[in-house]
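Next up is one chain by itself, shown in structure tokens, the form predicted on its own.
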Amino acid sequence: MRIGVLSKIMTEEEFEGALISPGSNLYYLTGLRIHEAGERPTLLVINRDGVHRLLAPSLYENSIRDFPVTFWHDGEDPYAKLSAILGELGISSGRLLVEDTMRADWLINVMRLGSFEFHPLGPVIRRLRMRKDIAELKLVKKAAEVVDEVFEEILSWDLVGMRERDLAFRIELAIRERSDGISFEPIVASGENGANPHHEPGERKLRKGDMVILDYGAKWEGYCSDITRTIALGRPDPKLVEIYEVVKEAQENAFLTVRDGVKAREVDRAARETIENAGYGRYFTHRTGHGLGLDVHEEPFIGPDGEVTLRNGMTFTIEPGIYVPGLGGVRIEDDVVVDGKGKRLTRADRSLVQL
């Protein structure tokens, strides 16, 4: 059905076909879990009528069932078989959609097969993916429940003296015990390391007086969650406590702005103005949030330039932060769905937890 919706858009906008390599878009359209097989071309071909065929290496002969597919074996020319598929589907020239993340060597070989005008798939398929249906929302909600449970478990651990990298690994294990896996590598940023929004967990040991940023996510049947909580070990610097309350207020103001029909930039503005009015504007160095679904970062993006109009069924994060070099940082992040107004999917305590 999703292929049919895409083909309708292709017809309306005069695209002759689409070439989609392994990734979240291929899974979204087909339900096939195919990982890119390195240098071996694996491509879904769709024409404007919705007729489709997968080109895949013989590695998948025992796993792909009940789907139109042409296999190729090592020693064969996969692009000769791709050319045959294109001919079978009536695609020889014209405007062609290609997966944004397709390998360059694959695309270069495709360019030799016909006189095509290439366009990125992303701007077209995001119109399908931004609004989640009921089944998708259940999966995102389940992934959110997992990270809430993990946060409660983290609070029971003896964190003082633990290395950042060891805590990140333990968080990953806790996620994997409850879900299909992590949606990204967990971030643990303690003390002054909290001033780096995407700090890579390292050798630093957590100690009394630290504020610690914990940013992690889970996957459930392909759909992602993403949560950040900042906790205190003992009594942190009073300035960081003040910053925490500013970030918490900014996140709440942004959340209250969410409703069907609002531009994404308005949500960003609510958070940004709160932080600017508190005198910390230059320490808020990223957008307020990002879409969430089969990818942990997808449309709609909640930033100053966010022109997307929020609609029911859209899921995204709200995650303002303040990062002060030499002192540390605070970020609070929740997953949100538009359901008339904003509805939080992650529900872990947002008040400052002091352990």
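When you see a residue number, it is the position in the sequence shown, counting from 1. All values derive from a computational prediction rather than experimental measurement.
Keep in mind that the form predicted in complex with another copy of the chain is missing from the display, and what follows is about it.
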Problem set entry | Heavy atom within 4.5 Å of another copy of the chain in the predicted complex - residue from Leu173, Val160, Leu128, Ala84 | Leu173
For this session: Quick one: from Asp100, Asp260, Glu88, Glu242, grab the residue that has a heavy atom within 4.5 Å of another copy of the chain in the predicted complex.
Result: Asp100
Exercise. Quick one: which of 105-113, 224-232, 263-271, 143-151 gets within 4.5 Å of another copy of the chain in the predicted complex, going by heavy atoms?
Worked result: 105-113
Problem set entry | His35, Leu59 and His119 all contacting another copy of the chain in the predicted complex, non-hydrogen atom within 4.5 Å | yes
Exercise. Can you check whether Arg48 is within 4.5 Å of another copy of the chain in the predicted complex, heavy atom basis?
Worked result: no
For this session: Flag Glu200 as yes or no: does it have a non-hydrogen atom within 4.5 angstroms of any non-hydrogen atom of another copy of the chain in the predicted complex?
Result: yes
Exercise. Does any heavy atom of Arg40 come within 4.5 Å of a heavy atom of another copy of the chain in the predicted complex?
Worked result: yes
For this session: With heavy atoms only and a cut-off of 4.5 Å, decide whether Phe169 touches another copy of the chain in the predicted complex.
Result: yes
Exercise. What residues, if any, in 283-297 have a non-hydrogen atom within 4.5 angstroms of another copy of the chain in the predicted complex?
Worked result: Arg287
